[in-house]
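Have a look below at one chain only, the form predicted on its own, in structure tokens format.
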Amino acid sequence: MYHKEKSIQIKSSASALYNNLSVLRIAPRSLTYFAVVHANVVNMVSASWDGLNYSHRQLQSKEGTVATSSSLIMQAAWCVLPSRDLLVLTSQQGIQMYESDGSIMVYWHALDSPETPTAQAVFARGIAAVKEKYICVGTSSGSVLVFDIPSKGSNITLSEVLEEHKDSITDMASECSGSQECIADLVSADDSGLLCIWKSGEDFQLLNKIPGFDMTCSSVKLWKGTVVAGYGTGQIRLYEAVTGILHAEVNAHARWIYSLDVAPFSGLLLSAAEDSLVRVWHLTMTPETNSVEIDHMYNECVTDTQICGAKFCDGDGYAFAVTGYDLTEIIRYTQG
């Protein structure tokens, strides 16, 4: 179903972080951007679709707008809003937002560090673009910061702080199907496995809390009103977002899941874990019974690799890319 393509080299290897790969497809320019975190640096690669041109850029962790910092970056992800695309970096110091090509930093938000050193680390992690103008970012204290993004310029404001989680946020996702019917448009996950389902707006509304039974939910997606959650047990669970009804539970991997992704147009689901396996599943909705089914389609073993990032490169799931701990390449697979 998929075959291996030529890998893309990166300047420094991928850190062992959840969801350590972000992909942005720029169709008008026939380019795809890739971003991978290594310690306090983000490796960016711009790849032309014909495979002939690659350009590299490295973004440093910063403290404020000037000084580069040794603070570790936890995640880098592109946020696609109707009016603009931004690249968001989260670290132990704060949140950096760049123009999508990484050329200009448009916003910096410092995290509150405790007056007295505590045993708990301070960091931001979990990034999602929501609806027309919001970017939501999670923190180690369990707060979710909601930023209001103007259609251009750097007048970004912190509009709301959502305080429902008690544990560190691991991942966040917005409704990716483009469907207007879905009531829920954001899901946040934390280290205890708790999922919070939100409806966005001037004031974000909590719709539901789905307990996690004290097992980390490391990666989460929201597709057609269904939450797709990956756990440290190697399981994937499908929940109806608004009611919390469990539709399916799959023992998908033998070890900790590090990354999930959904191709919104085809309903393909990608899962990747520490067990060196990347699996492709197919999600089908049955509107009459309001249920979701999951079928296994394909798997690929990336030998001797602790996979930490896996993303589809397009909305149909025609191609996907994978990163692994200590690997200085992005491995790509294409259908056909």
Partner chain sequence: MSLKTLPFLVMNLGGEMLYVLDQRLKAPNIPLDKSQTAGLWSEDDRKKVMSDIIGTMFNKPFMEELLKPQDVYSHRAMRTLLTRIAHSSIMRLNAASMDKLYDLTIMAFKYQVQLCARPRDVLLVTFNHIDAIRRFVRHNPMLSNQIDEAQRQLIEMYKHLTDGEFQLIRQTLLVFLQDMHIKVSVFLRENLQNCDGRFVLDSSGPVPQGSDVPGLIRLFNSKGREVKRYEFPSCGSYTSHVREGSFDMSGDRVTRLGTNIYSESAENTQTTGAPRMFKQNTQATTVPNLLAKEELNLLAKLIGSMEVRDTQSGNPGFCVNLFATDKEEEEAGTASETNGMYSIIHIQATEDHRANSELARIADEFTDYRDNSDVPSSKGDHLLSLMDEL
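As the structure is a prediction and not an experimental result, all values here were calculated from the model. Numbering follows the first chain given and starts at 1.
One more form of this protein exists, namely the form predicted in complex with the partner chain; it is left out here, but the text below deals with it.
Only one of the listed residues (A129, A77, M172, M74) places a non-hydrogen atom within 4.5 angstroms of the partner chain in the model of the complex, and that residue is M74. With the partner omitted from this view, the residue of E249, E99, E164, E160 that lies near the partner chain in the model of the complex is E249 [heavy atom within 4.5 Å]. Partner contact region in the model of the complex: 239 to 247, out of 144 to 152, 180 to 188, 239 to 247, 203 to 211, criterion any non-hydrogen atom within 4.5 Å of the partner chain. Taken together, the three residues A39, W256 and H296 all lie with some non-hydrogen atom within 4.5 angstroms of the partner chain in the model of the complex. Proximity of S22 to the partner chain in the model of the complex falls outside the 4.5 Å heavy atom cutoff. Not displayed here, the partner chain is kept clear of D50 by more than 4.5 Å at the level of heavy atoms in the model of the complex.
Taking the partner from the other structure, the partner chain in the model of the complex has no heavy atom within 4.5 Å of any heavy atom of C313. Proximity of S83 to the partner chain in the model of the complex: non-hydrogen atoms within 4.5 Å are absent; the residue sits far from the partner. Residues E274, D275, S276, L277, R279, W281 of 264 to 288 are found to place at least one heavy atom within 4.5 Å of the partner chain in the model of the complex.
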